[in-house]
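A single chain comes next, written as structure tokens; it is the form predicted alone.
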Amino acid sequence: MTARLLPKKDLPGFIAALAKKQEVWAPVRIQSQEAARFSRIDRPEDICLDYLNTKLPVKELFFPQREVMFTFNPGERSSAQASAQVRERVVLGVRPCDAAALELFDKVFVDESKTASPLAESKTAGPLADPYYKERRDKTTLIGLACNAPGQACFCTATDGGPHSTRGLDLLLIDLGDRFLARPVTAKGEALAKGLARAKDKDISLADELAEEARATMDFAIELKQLQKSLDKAFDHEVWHRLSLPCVNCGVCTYVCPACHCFDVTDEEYKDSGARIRTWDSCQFSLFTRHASGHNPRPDGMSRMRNRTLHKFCYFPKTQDKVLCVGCGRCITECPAGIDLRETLETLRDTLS
């Protein structure tokens, strides 16, 4: 892949050229919250690239907070399945942690190694994929924005990532001052950057130096594979009671997390029509695991907090060989109780080792 240069003065023209062929989405500042959120761009000047992390991760463009899966008429067996109904699009300004999280989403929603139940008829067996998520992924090209100055809550280097990581991206932009170094990662990314001038060796060296400087600012380190082994035997340990005391089970950590993907499905009917709706859910909510009988296997905040931690750092790594966390730090900055996940992990390591 050939590294290219994109002068900042040419960025509006670059975006305008993209918009002629497909939709362009990018971070836009939310004035009322002093934050940014991904929105469709009509004017290049609306783009905000001086943010640290968007309020919500880019996952909301692939896994919406609320979506109609299909519509139906009560009393009839037939149903009309809805597609994701998205056009070809480019999403600009995706931080490396958010892009890495989409690789984890792929394992859940489109992993072709998953097959149908052995009890199913042979004609239905085969790869399973969520059609709504997959359509959005297939129609999206991701342009990342490297982090030259990670935030105080960021710890992506501890989760197999980095401020300049290219995981999950098609093209990575690195801010060199008055220009961006454009590093293609995939054929789609290379096609987008094809018309740009080739980068010089000094530009590539400067980008590499910025990457090393950014990594050097992140000092949180923990051996997560070793922690996984300890967690596998710690289900009944008293440490969970201590760790869960500050938690108010508000679910903010799961909603702002780029990797959390729990959802609920409900049928809504009105007169002669209805729809099946999928919405975000949280394992921190008391209703999440309550059975129809009224029994709840996770009846208190401790058991729910324990489950979330074990899912991310024990269960998911056992089945997928990846921790379900990308170190973006949103759960730390947004937690109303001031819980710091890094401190939680260190406490678990020191207590269980």
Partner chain sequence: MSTEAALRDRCRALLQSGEVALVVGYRAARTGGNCTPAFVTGPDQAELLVLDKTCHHNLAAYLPGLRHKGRVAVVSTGPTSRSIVNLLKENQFDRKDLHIIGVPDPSSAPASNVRNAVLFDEFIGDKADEPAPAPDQDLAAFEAKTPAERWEILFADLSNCIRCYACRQVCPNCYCPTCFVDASRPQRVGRTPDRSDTIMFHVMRAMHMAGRCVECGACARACPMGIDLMVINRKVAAIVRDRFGHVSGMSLDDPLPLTTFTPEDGQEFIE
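Residue numbers count along the first chain shown, from 1. Being a predicted model, the structure only gives us computed values, none of them experimental.
FYI, the form predicted in complex with its partner chain isn't displayed, but the following is about it.
J.: Identify, from the list 264, 160, 111, 212, the residue with a heavy atom within 4.5 Å of its partner chain in the predicted complex.
T.: It is 264 that has a heavy atom within 4.5 Å of the partner.
J.: By the heavy atom within 4.5 Å rule, which residue out of 103, 268, 223, 88 makes contact with its partner chain in the predicted complex?
T.: Looking at 103, 268, 223, 88 one by one, just 268 meets the 4.5 Å heavy-atom criterion.
J.: Residue-level contact is defined here as any heavy atom of the residue lying within 4.5 Å of its partner chain in the predicted complex; does residue 218 satisfy this criterion?
T.: Taking the distances in the predicted complex, the answer for residue 218 is no, it never comes within 4.5 Å of its partner chain.
J.: May I ask you to check whether residue 279 falls inside a 4.5 Å heavy atom distance of its partner chain in the predicted complex?
T.: Residue 279: contacts its partner chain in the predicted complex.
J.: Against its partner chain in the predicted complex, would residue 23 count as a contact residue? Criterion: heavy atoms within 4.5 Å.
T.: No - in the predicted complex, heavy atoms of residue 23 and its partner chain never come within 4.5 Å of each other.
J.: Does any part of residue 10 reach within 4.5 Å of its partner chain in the predicted complex? Heavy atoms only, please.
T.: No, residue 10 is distant from the partner.
J.: Just one of 194-202, 250-258, 163-171, 178-186 has residues with a heavy atom within 4.5 Å of its partner chain in the predicted complex, so point it out.
T.: One stretch meets the cut-off, namely 250-258.
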